[in-house]
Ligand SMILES: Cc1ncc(COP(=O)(O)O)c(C=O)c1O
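Just one chain follows, in the form predicted on its own, and it is written as structure tokens.
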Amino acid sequence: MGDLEKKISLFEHVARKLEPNEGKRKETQDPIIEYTNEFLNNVNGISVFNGINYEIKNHFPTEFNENSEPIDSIIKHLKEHVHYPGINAASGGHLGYIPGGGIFAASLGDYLADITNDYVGVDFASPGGVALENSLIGWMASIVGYPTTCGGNLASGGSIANLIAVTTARESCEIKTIAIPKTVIYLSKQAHHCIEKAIRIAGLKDCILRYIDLNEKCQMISEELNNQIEKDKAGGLFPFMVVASAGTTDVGAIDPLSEIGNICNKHNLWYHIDAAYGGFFLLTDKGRKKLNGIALSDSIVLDPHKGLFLPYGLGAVLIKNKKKMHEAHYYNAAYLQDFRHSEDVQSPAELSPELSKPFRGLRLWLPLKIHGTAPFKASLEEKLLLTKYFVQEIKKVDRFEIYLEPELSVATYRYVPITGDANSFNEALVKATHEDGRVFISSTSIGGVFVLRLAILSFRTHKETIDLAIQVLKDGVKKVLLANHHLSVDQC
């Protein structure tokens, strides 16, 4: 054996450790499965918020050992320094930010996708994988009311999905660089921040952004929108796109979708709807009524990792005109010349910025096949009813008030003390609930008013969770009152 062969053999011997046999795989799998079962069996018994330790970075040095570490030690490290601190996002008590889900069947889909390592960017590499993902796009299109011939993509989340939509709109409307300073985009202050981020990344930073006034429900005022468009046209500007919200992250507001759609049609504007949070409520009776007019849009974003309870990492964008989506993202490279393309099949890599992409679709397709759609619909209906129940019950608690009547499953409310500043009191109340840790709530500010939020979307959130949240709020009020000397211990 020559020197070259000896070197190859030496490195091969070590490299083959990356390909463990079945026995070695089992040595790693069994402790991990045991730990995940323990986690799931106790998920709602774990504190939902465990504070933030900024020194935790010291447990994650930037150097790694040359040799392996015991799996039990690795799991212990993850449990103590990753899974315990901060927000327990898997808990039904996560009622703060719009929670991701984490249903078990989705993890099996991810496991299968990682093991088989199918590349579903182009039809040539995995025709079955692309067909699977396109079937999900078609299913979502039918929910929204789009034609099944629309374009679509499974992205990493709402941010990238919105970027794809904005980029497609830019190309479709042929926005040239020289025209950007006179090009107008219409949205509201309730639009998710990723919209402005997408506008900037898509090269439209110098467009004129018009923030349309909101009504008392934090909804875009359609008359104001129409008047502003007409004013801009008369002023020699180019109205380009309207971004509406179908369930804002902040307060769950739904813009007047039908009215905005008619205005966009009248003035020939691109109509984009961010329904990342609210879109899948279309599967419910109330949601279909609330979201009427959503099919009038040219593009829409929905997040299965919100409304379909999947783990973080799956957003979806639908574009009514597939040809325009393709033109905005199509690529051609010499090293890909062997890829044969079918005009009848949309390859994901030609409809998004991603070429390399994971097989995201399996984490949604597998749960839909295992469970059917009924449990998803039932869970969404339950969340709407739980929100109604929370509003009903918190109104019974002295000095609590609902700030905005909820449209879907986000409730905004606050405590109004007899004396003192209400904003400061509610800020202290949020901190008290975080210190309690049994549930996690969040807050927002609306017109300078500090407001509490309850976002009910975890599939593990049930009636007992809401009852617990109300009790935590009551306990928190007592704690704040005591701290501020407004209440004696006996009164508590």
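When you see a residue number, it is the position in the sequence shown, counting from 1. Please read these numbers as outputs of a predicted model, since none were measured by experiment.
From this point on, the text means the form predicted together with the named molecule, which you will not see here.
Engineer: Looking at Ile263, Ile87, Cys194, Leu366, which is the one with a non-hydrogen atom within 4.5 Å of the named molecule in the predicted bound form?
Structural biologist: Looking at Ile263, Ile87, Cys194, Leu366 one by one, just Cys194 meets the 4.5 Å heavy-atom criterion.
Engineer: Just to be sure I understand the contacts: of Pro239, Gly102, Gly109, Gly157, which is the one whose heavy atoms reach within 4.5 angstroms of the named molecule in the predicted bound form?
Structural biologist: Checked against the cut-off, the match is Gly157.
Engineer: Where, among 159-167, 143-151, 176-184, 401-409, do residues come within 4.5 Å of the named molecule in the predicted bound form by heavy atom distance?
Structural biologist: In short, 159-167.
Engineer: My question is simply whether Phe309 lines the interface with the named molecule in the predicted bound form - judged by any non-hydrogen atom within 4.5 Å.
Structural biologist: Looking in the predicted bound form, residue contacts with the named molecule do not include Phe309, since no heavy atom lies within 4.5 Å.
Engineer: Can you tell me if Arg360 lies within 4.5 angstroms of the named molecule in the predicted bound form, counting non-hydrogen atoms only?
Structural biologist: No, Arg360 stays farther than 4.5 Å from the named molecule in the predicted bound form.
Engineer: At the 4.5 Å heavy atom threshold, is Gly287 in contact with the named molecule in the predicted bound form?
Structural biologist: So Gly287 does not count as contacting the named molecule.
Engineer: Would you classify His94 as touching the named molecule in the predicted bound form, given a 4.5 Å non-hydrogen atom cut-off?
Structural biologist: It does not: once the named molecule is placed as it appears in the predicted bound form, His94 has no heavy atom within 4.5 Å of it.
Engineer: Within 435-468, which residues come within 4.5 Å of the named molecule in the predicted bound form, counting heavy atoms only?
Structural biologist: Not one residue comes within 4.5 Å of the partner.
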